[in-house]
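Both blocks below hold the same protein chain, though in two forms, and each is given as structure tokens: structure 1 and structure 2.
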Structure 1
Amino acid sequence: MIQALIFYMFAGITVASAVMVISARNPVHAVLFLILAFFNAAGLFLLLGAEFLAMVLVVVYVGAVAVLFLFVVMLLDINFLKLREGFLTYLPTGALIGAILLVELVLMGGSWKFAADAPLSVSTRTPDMAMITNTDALGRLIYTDYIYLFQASGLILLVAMIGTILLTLRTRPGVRKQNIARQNARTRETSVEIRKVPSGGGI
């Protein structure tokens, strides 16, 4: 009973904050609601017994991705009233994407209902949760059966990262930078000279 109550609390807050994400007037408030939605989704994962996924969701999405989101949204200087003007022209495209996502969700839920034993026929089954921990099960799956896919996804991210750096890197002339190695290599002999200055003579 308690579990069900907690589920409805998390689910309700997730849905409500997701609605607020698209209806909030202030973009920063929208991002904050998005974070709330992530957080409650992590709570739902916890209820399912997927503790590792829940924590990783918080670490990666809430702790890193959303911070950068917030960063960008705060720094952008956009007139958000103007953005709203084109609402009707973009409505068909948005509605189409929404409809496709909805159909996919319904199909997935349908397979759950109509082919309830489908998860049992997959090649790598979910291990018994009572035997090993979550982290262990995921590790065995990712680093044995799906190692190549896992490495490939890592490579894709690496390429994307290098691409971003290449696109945004620019060397401006005339910018002074500190060279720590050169600074540390300085000795007393090369940097300071003590001389006897005769009065009235100068050097």
Structure 2
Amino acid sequence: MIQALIFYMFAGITVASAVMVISARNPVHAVLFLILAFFNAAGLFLLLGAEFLAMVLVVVYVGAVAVLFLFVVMLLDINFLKLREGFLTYLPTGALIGAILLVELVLMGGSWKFAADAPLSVSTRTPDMAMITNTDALGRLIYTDYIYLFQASGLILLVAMIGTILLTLRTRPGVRKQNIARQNARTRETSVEIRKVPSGGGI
């Protein structure tokens, strides 16, 4: 009974925070509600026994992504009122896309629920939690069965990061930049000039 009450508390706060993320007028408040949703989702993972996913959600998403969003929103001078002007215009298109995604999720969940070999596949993939920890089981699954997909996702993220750097890199004329190869190629003859200043000829 206590576990059910805690679950409904975490789930209710998560859903309410998610609604406030998309309905809050102040973007800073939206990011703060997003952080609250992440914390409650981590609590739901703890109730499921997935402590590794809960810690990853808190450390990565709350500690890095959400804080980065908060700093970007606070530092950039964005006119959010102007961005919201065309909200009603694109509302039917967004609702249609959301309905399509919802139907796809329902069909995928229903096919998994009513599949004949679904219980067999679940029983063969889930290890005994009394013999192995959740972190160990997740690590074995990722780095054995899905190692190529894991490496491919890392490669995709690397390409996306390099593309973002190239797109945002701006070259401005007249700005002095450090050239390490030129610095290492300097010699004493080209860098040091010895002049003999006569007595009384200095500044």
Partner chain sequence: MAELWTGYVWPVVIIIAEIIAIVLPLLIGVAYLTYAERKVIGAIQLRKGPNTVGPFGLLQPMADGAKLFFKEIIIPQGASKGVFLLAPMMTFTLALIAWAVIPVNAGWVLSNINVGVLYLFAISSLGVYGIIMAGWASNSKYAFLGGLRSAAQMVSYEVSIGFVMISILLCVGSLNLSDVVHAQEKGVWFIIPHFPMFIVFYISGLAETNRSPFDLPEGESELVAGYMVEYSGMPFALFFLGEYANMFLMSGTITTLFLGGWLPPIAVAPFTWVPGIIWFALKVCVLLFGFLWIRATMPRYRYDQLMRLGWKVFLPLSLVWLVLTAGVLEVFGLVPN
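Structure 1 provides the reference sequence; residues are numbered from 1 along it. Source: prediction; values computed, not measured. Throughout, rigid core stands for the largest set of C-alpha atoms superposing within 1.5 Å between the two forms.
- Remark: the form predicted alone is the source of structure 2; structure 1 originates elsewhere.
- Put the two forms on the same core and the Cα of residue 185 is off by 2 Å or more between structure 1 and structure 2.
- When the core is overlaid, the C-alpha of residue 194 ends up 14.1 Å from its other position between structure 1 and structure 2.
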